[in-house]
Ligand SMILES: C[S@@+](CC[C@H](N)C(=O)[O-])C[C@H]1O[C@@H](n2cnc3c(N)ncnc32)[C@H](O)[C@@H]1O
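Shown below, as structure tokens, is a lone chain in the form predicted alone; questions about how it binds or moves come after it.
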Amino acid sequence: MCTQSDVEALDLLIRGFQVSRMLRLVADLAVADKLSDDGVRNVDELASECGVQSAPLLRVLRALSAFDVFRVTVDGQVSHSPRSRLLRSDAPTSLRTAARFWAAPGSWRAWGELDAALTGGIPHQAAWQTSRFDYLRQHPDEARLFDAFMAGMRDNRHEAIAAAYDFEGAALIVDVGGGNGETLRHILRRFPRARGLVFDRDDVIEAIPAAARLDGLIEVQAGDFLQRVPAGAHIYLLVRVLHDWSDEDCVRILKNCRAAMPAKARLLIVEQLLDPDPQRGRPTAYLLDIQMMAMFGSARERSREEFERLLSASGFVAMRVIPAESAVSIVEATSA
């Protein structure tokens, strides 16, 4: 039998989109950055600095304060709570970019068309009449927000990948679909005798500044990994790439990697392994699975067994699974 607490908990889940939208609003305005760590400011001052009206801003901050995000007094004095400090851009585990990304227009409208997935459609396509990656190409501000979100994941995945695997002896590491190169930067800081190559769409590559290429240790190359992958590397990385694609496209990507790999090269698939039992898995993993469905239709999070089947179908042998100090694991494979 359900209790009143069950009713209240489900009611908050039902209305969770309202909280997400308010969090995006204050993250876009950088309200948390405008508050010193231990200081107090009047809402009128904050509103003036943000370029908005104080009355509606107060109402939003008051609503968030009910969820322990910010502290707001009855006379409009605003200060930080532990949760609102996580919205500061300089917080060690900042969630400001996440708050902006998850409720950004591209994703927000696609979730409104989630029903399309249940009849074989793609919610993002239904919402925007274009694919996710074409949308990002057409909306560079949101694309760069996506890059920043991936680079600053709160699970510390980039450092965790570099720490979990021995890249010593690899002369060239190709990060296939490597975004802005954050994973490679962490790896090459630990293993400076290697070189890195980020292979991604032209608009992504063009957004990587020279200063982020570690004085030439990282090269960049534009291309489509559904067509080909640069040849001759010792290690190929696929970090959070395959979950964007259907099984058929994953096999295509993997076969392109295999065709590019010399003898004894290794493939590292870095993904969050989905537990088929939701009573054991992380709630965020299943939310991400639905995000993939909303963005791409048949894309998905996968279990260890599902990745092993994809590898086998692509001519690879899965050697081992290496857990990282993060939500992701490293699936190591070599050519069969």
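One-based numbering along the sequence shown. What you see is a predicted model; the values in this text were computed from it and never measured.
Same protein, other form: the form predicted in complex with the ligand, not shown, and the subject of what follows.
The three residues 159, 195 and 266 each lack any heavy atom within 4.5 Å of the ligand in the model of the complex.
The chain is drawn here without the ligand; in the model of the complex, the stretch among 67 to 75, 85 to 93, 104 to 112, 232 to 240 whose residues come within 4.5 Å of it by any heavy atom is 232 to 240. Within 4.5 Å of some heavy atom of the ligand in the model of the complex lies at least one heavy atom of residue 177. Although the partner is absent from this view, residue 128 stays clear of the ligand in the model of the complex, with no non-hydrogen atom inside 4.5 angstroms. Interface residue remark: residue 150 is counted as part of the site for the ligand in the model of the complex, having a heavy atom within 4.5 Å. With a 4.5 Å cutoff on heavy atoms, residue 219 does not count as touching the ligand in the model of the complex; it lies far away. The partner is absent here; in the model of the complex, the one residue of 224, 206, 141, 166 having a heavy atom within 4.5 Å of the ligand is 224.
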